[in-house]
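The chain below stands alone and is given as structure tokens, in the form predicted alone.
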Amino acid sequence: MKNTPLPARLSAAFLLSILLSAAAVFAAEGTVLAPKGGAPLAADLPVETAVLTEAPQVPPAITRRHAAKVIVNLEVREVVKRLADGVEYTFWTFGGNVPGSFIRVREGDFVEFRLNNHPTSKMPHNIDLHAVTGPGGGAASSFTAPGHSSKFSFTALNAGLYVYHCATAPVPMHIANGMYGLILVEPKDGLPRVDREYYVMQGEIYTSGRNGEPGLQTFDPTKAEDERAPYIVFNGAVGSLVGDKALQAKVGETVRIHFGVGGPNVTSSFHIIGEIFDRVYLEGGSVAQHNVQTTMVPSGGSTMVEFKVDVPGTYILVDHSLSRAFNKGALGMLKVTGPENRLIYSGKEVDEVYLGQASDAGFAASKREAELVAAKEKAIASNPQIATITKDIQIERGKKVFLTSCFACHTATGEGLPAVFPPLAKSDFLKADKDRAIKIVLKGLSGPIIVNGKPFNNVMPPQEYTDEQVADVLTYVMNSWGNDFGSVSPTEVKRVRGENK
């Protein structure tokens, strides 16, 4: 330096100051500077808008082999949606649905994230993406009041399948109300090709009422703190993946399911009844394990499972903590069509005894119930049809309750099992005393009885049903298989319940 003329030294210092100032400006505006190796500046990257999809659909695979600037537009909406048949809940959502919209980007992409909180929202919200490297995962940069928007940027440094969720206090409440989703950062070389991809997430819903209690339910913070969720569901609602909403595939196809757990509290034991996972990408990362039956997915975690379907039929997706599946809603279906292969499996479709109200019969009852509710709402209050429609609605609801547990012992025809379980069809015992029938459902029954002249001596356990569910299931039974024994109201059940306390 001592041999360098003063003007040259001043010019070098001046040039350095300009470069440092430019770097500060680029950093302040969220523009990525080229690291060693000559990667392009974010301003030079091609720009595209992310395709977002509602569960169970997944955006198309990324075919480009270069980085891009990807703009993600995600809107927060607070909406009343169906939780179960006859049950509604005010969900807080990313994109209007639970789980939130699926986001797909590529490793190395520069993501410009725009979060918009709809003007009708009552709460501020933000987003924490587990795919973000940086404090809060974007939460501090995205706190957004109703009617406002926020913008922040990040580079997707790590490939994998990541959960995102709201991180506004109280965080467990925001997540339990539905504010979670998945973002897939595809590896630079892409994922292996599959025939079908689906998006499924599990979450808990802490309602003030019991499971199945009708009406608009509210959030119960005490149940959330105690982790006592009346509902644990796939894709935001009971029955979201059954009947004509079931996932679909054909024999010979390979299926990939992007599965996550929003939480806020419960770990899932993800399993598909009748399938073995060919590959499981543990916790949504790059390590694949083979030939797996059940995989644990933590709250706030994810996995990708891949499998080839070899024979047709209905495959049941469950949390293998099975009370959650069969009693709280964590159950879905994959329906596979195509030719039989008797060498692999001899065949026999899953039946109603196994599936309960998620079966085809239960799904049909749900559809019929919805039709009847719509008919009732359109009817004039003074119209004498109202009483008939109300009873028909009870019968369809009661059928689903019956399919939950009663079906296994008393059978589809109501005939029971000779010398073991008494018949309900044309039962003189049932017809003789309505209050006794209500009491049996509430409190159970043991010891010898005579039904239609034949002795029975077995045990029926008490059923943990609401007053409405007891009234519905008895109304169904009392009007099925040739029975014409009248109906039961929730008021009658409440009276009998009080008398027997």
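Here the rigid core means the biggest group of C-alpha atoms that line up within 1.5 Å when the two forms are laid on top of each other. None of the values given here were measured: they were computed from a predicted structure. The first residue of the sequence shown is number 1, and the count goes up from there.
Below, we turn to the form predicted together with a small molecule, even though it does not appear here.
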* Just one of Val297, Val280, Leu424, Val111 has a heavy atom within 4.5 angstroms of the small molecule in the predicted bound form, so which one? -> Leu424
* Using a 4.5 Å heavy atom cut-off, which stretch among 326-334, 195-203, 225-233, 408-416 contacts the small molecule in the predicted bound form? -> 408-416
* Should Ile344 be counted as a contact of the small molecule in the predicted bound form, where contact means heavy atoms within 4.5 Å? -> no
* Asked: Can you check whether Val420 is within 4.5 Å of the small molecule in the predicted bound form, heavy atom basis?
  -> yes
* For Leu430, is any heavy atom within 4.5 Å of the small molecule in the predicted bound form, or not? -> yes
* **Touches the small molecule in the predicted bound form: Leu45 (any heavy atom, 4.5 Å)** => no
* Did Gly398 shift 2 Å or more between this form and the one not shown, C-alpha, core superposed -> yes
* Asked: Thr411: CA shift of at least 2 Å between this form and the one not shown after core fit?
  -> yes
* **Threshold 2 Å Cα movement between this form and the one not shown at Asp428, rigid core reference** => yes
